[in-house]
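Only one chain is given next, in structure tokens, and it is the form predicted on its own.
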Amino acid sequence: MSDKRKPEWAPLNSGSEFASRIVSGENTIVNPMSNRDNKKTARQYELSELVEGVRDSNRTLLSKAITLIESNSEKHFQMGQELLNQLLPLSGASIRIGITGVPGAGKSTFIENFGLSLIEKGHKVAVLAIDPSSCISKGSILGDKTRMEKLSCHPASFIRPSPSAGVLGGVARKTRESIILCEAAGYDTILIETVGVGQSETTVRSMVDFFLLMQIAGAGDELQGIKKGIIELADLIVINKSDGDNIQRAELAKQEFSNALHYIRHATDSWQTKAVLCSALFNDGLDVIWDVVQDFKLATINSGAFKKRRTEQSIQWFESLLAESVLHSFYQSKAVIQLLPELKEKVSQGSLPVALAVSTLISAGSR
């Protein structure tokens, strides 16, 4: 049965050219909470509601809380920081795992099946996927929730794709603070996926306990995968897609990486980085990887390296955000805003030395 209401997408004051009408379904079950939830979206949530929602593992309110701390608006900053301040005592109990690898290595498939296997073991899994950002909208380009369909639908999981730009402090600030909120919501395993081998790997290494580098065999020059810089960050190297006709090549790649690790400084004190095989598509090797993570946690807690790393990461976070905040405040100075275009023009024309232009701008901003 059709009523006279038009769909929400119909333009205001539209006429009969929009023939669509809302059709009332039969035996419709009305959720008594739905009207209240809809009203919530039309206004700001109170701080106490967000705190309570995160503590209760409400995924909707956890998403709202992360959106609040990601906001670049000055009016949201204080509320977001107070939210973090209240939830900080509830954080810190998870194992934080960074996952990186070249595009096509199967990171999303691995994370989905690895996450599902951990949930079967009784864990709660949060995935923070750092997506490349559109240079126009600053939004995420990839769709991790779409690519991890089974995991995203599971009530014991939480997936949050985040653009890698567009926020003061960039990926470092919003991902670190999202980790705190997810831990406060009861997620004991935090998986952080990066966009690929690049600058974001160094940033993610600085906020996780365990760093996993995913590689594949038979995709070209194997030596391209044995990069000293990226291997020095890894606590475990996983050769994925070790199945079918690729098993022999994967075994060879594992041996090459294992040999290379003998000549490279290991990423974590009291832990020796190793290489293992995995087929995420067929769930082979996932239990072995989790056992390695557990062994790593036990070894580093006993040696004190686990606590030392988290302490160093907190100090590094403080210093990084301080530098970002000072730079942000500098560019908000009226004197800098007025003088910057003129100095840029002179530098571009070659009429003013660059160092002198910088010195002049800094002097103006510090008055």
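Quick note: we count residues from 1 along the sequence shown, nothing fancier. In this text the structure is predicted, and so the values were computed from the model without any measurement.
The same protein has a further form, the form predicted together with a further copy of the same chain, not shown here; the description that follows concerns it.
**Student:** Out of 181-189, 279-287, 79-87, 106-114, where are the residues with a heavy atom within 4.5 Å of a further copy of the same chain in the predicted bound form?
**Tutor:** In short, 79-87.
**Student:** Do residue 317 and a further copy of the same chain share at least one heavy atom pair within 4.5 Å in the predicted bound form?
**Tutor:** Contact with a further copy of the same chain, yes.
**Student:** Does at least one non-hydrogen atom of residue 332 fall within 4.5 angstroms of a further copy of the same chain in the predicted bound form?
**Tutor:** Residue 332: no contact with a further copy of the same chain in the predicted bound form.
**Student:** Can you tell me if residue 311 lies within 4.5 angstroms of a further copy of the same chain in the predicted bound form, counting non-hydrogen atoms only?
**Tutor:** Yes.
**Student:** Verify the contact flag for residue 201: yes if a non-hydrogen atom of it lies within 4.5 Å of a non-hydrogen atom of a further copy of the same chain in the predicted bound form, no if not.
**Tutor:** Looking in the predicted bound form, residue contacts with a further copy of the same chain do not include residue 201, since no heavy atom lies within 4.5 Å.
**Student:** Sequence order please: the residues of 254-287 with a heavy atom within 4.5 Å of a further copy of the same chain in the predicted bound form.
**Tutor:** The stretch 254-287, when checked against a further copy of the same chain in the predicted bound form, contributes no residue at the 4.5 Å heavy-atom cut-off.
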